[in-house]
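Only one chain is shown below, in structure tokens, and it's the form predicted on its own.
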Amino acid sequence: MDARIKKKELDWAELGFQYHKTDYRFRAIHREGGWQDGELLGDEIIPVHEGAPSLHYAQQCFEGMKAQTAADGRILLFRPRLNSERMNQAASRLLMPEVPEEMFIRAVEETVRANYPWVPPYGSGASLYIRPMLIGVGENLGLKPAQQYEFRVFVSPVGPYYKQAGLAPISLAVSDIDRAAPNGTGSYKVGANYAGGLLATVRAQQLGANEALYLDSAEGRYIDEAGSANIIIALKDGSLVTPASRAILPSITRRSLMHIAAQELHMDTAERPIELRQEFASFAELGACGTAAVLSPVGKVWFDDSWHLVGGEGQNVSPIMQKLYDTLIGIQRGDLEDSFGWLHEVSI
């Protein structure tokens, strides 16, 4: 990359989590049983046939990733092959062609490299959000898979997902809306899961919460996940637990945090069913985690028509969540040793 290429003149610290049009995006088309090589485009608009199955039958899936700038100028991705693997699991579930891992990684690298001026500088508090997506396109009407597919990767510089600065606590409100059934598509990153949760989010915000919290659809007893994040819980006995459910997204962030807790913090960890009402008194700290939010401590939860403080009255610190957050962010930004081999450098 030419050293004379300058970063965009943006107020990186005030970006917020919203779309900003960048210069290039990657596109590849699948037709007649095979993928094209793909190319970079300048146009952000996708022309889609009115009969496209992605519009009528939600035949589409996507991923969320980030690129970070290290102190030495390297551009770093975090565990991108897991994103490729998760997208292909969703593609297979929706009868779409898998995107070869080599193409997925190449597309992400080319898109990030082409948009280098938009990658936030080190220390800005911002990152480059990466959105790989796969949609069914082309002429169709009946309920059947598309005849053509488009794989696209676009990027946007973003700030924190929640408006609060730093590791400020958020609040969750238990929803009476079911997110997904155990044998449905809840464990796949597909758009229909999120559209169905928009009403739950609005209702939670009307109660004064940041986000909805879903319980299992069978009994309404066990924690599944929040509307845009997975859940981890530090118990008062010193262990860290996370919900076991067939209806929640297998979060790469959650998986990494649980590994950090076990290997770096030497905590006992477990993935198991967690009954909200029966176990809430044993919660020392609660966190919502994901690519966008990273990790946000939860200060209170609304259920049974009232607010319940996590950790008890007067609890306003989350030392375990802070340590997990600092370690994860430190690895992602290249500040801490990547002893787990999680980082993937994009050559510039």
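Each residue number is its position in the shown sequence, starting from 1. Predicted model, so just to flag it, every value in this text is computed and none were measured.
The same protein also exists as the form predicted in complex with a small molecule; that form is not shown, yet it is the one meant from here on.
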Identify, from the list Lys189, Arg79, Arg113, Arg152, the residue with a heavy atom within 4.5 Å of the small molecule in the model of the complex. Lys189
If the cut-off is 4.5 angstroms on heavy atoms, which of these, Asn230, Ser245, Ser175, Asn210, is the one near the small molecule in the model of the complex? Asn230
Looking at 247-255, 268-276, 116-124, 134-142, which lies within 4.5 angstroms of the small molecule in the model of the complex, counting heavy atoms? 247-255
Non-hydrogen atom within 4.5 angstroms of the small molecule in the model of the complex for each of Lys236, Ala261 and Tyr325: no
Glu225 within 4.5 Å of the small molecule in the model of the complex, heavy atoms: yes
Taking the small molecule as it sits in the model of the complex, is Gly290 near enough to touch it, meaning that at least one heavy atom pair lies within 4.5 angstroms? yes
